[in-house]
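Form predicted on its own, single chain, as structure tokens, below.
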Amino acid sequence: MNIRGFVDTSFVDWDKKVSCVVFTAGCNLRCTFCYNFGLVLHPEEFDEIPEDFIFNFLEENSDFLDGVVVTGGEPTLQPDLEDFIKSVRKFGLGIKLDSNGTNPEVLMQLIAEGLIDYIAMDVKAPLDSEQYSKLAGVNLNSSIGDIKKSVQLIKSSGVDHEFRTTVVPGVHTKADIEAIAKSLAGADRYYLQKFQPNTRFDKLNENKPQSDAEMEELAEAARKHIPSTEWRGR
């Protein structure tokens, strides 16, 4: 795989798990709030990390790790993602996959083969709104069906999972969050993520994150449909 980032030990990328994190290069979206925008726009500026480096690390350290988080960028764009995951599994480790849900066929294959232990999918906006394309930075009018398909696939997969939305101040409203949660009803869990300034585009850099009280108010609106909703970014 085209790996351009690696964190050898993380206690926050997979709840209640000790993991290492693999960052793949490239993405088919251009989200205005992406915190890994360097990997998306200029992956060549980061050193490429050979798979053997990862595997050697796992061989030496798998005894204290619970799993490997594969994130990006968008990992499902990597043609050898499945082979990489199979190699990781040989070390007896679990796999968490982060995805934007635009490639349901890849998700379906990985799920069918029992290669994923946890899926985290980002949902940018209400699924039937024009806002989705605006936040994603590309026209998704013809492919929003793929995102909806991924939502349903993940919910019915039996694989432990979460959906998550980065709440952009001045963009997302309480009605938006409730609409997203309604479309995700039946999910294992839903997380709202507080917007982090100074990440991507200047227009958003001017916006201040919501207060803790505002985030809790939004989470409470989402709990009407997903009682397990929580928020991150305290």
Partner chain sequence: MTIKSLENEKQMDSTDIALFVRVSKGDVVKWSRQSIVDALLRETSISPEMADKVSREAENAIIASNIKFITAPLIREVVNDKLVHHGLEEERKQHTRLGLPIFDVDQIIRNHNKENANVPHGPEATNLSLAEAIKKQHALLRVFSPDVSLAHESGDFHLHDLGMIDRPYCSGNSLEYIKKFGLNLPNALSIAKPAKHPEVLIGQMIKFSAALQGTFAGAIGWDAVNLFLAPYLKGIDDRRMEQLAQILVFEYAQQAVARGGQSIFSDLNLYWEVPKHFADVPAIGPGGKFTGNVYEDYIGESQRFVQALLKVYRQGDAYGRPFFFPKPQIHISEKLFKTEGYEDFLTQVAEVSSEMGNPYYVFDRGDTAKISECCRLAFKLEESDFNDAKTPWKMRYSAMQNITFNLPRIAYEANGNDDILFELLRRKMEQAVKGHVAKKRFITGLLNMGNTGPLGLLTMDTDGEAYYRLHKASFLFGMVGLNEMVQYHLGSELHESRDAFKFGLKVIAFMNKMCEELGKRLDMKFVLEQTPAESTAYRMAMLDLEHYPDQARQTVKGDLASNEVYYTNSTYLNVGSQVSPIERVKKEGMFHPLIEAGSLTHIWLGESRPSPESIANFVVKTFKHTTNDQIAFSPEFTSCLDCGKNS
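Residue numbers count along the first chain shown, from 1. Only a predicted model underlies this, so the values are computations on that prediction, with no experimental measurement involved.
One more form of this protein, predicted together with its partner chain, exists but is not displayed; see below.
Asker: Tell me, which of 66, 188, 51, 48 has a heavy atom within 4.5 angstroms of its partner chain in the predicted bound form?
Answerer: In short, 66.
Asker: Residue 195: heavy atom within 4.5 Å of its partner chain in the predicted bound form?
Answerer: Contact check for residue 195: no, nothing within 4.5 Å of its partner chain in the predicted bound form.
Asker: I'd like to know if residue 15 sits close to its partner chain in the predicted bound form, meaning any non-hydrogen atom pair within 4.5 angstroms.
Answerer: Answer yes; at least one heavy atom of residue 15 falls within 4.5 Å of its partner chain in the predicted bound form.
Asker: I'd like to know if residue 44 sits close to its partner chain in the predicted bound form, meaning any non-hydrogen atom pair within 4.5 angstroms.
Answerer: Residue-level check for residue 44: no, no contact with its partner chain.
Asker: Residue-level question: is residue 28 within 4.5 Å of its partner chain in the predicted bound form, judged on heavy atoms?
Answerer: Heavy-atom contact with its partner chain at 4.5 Å: absent for residue 28.
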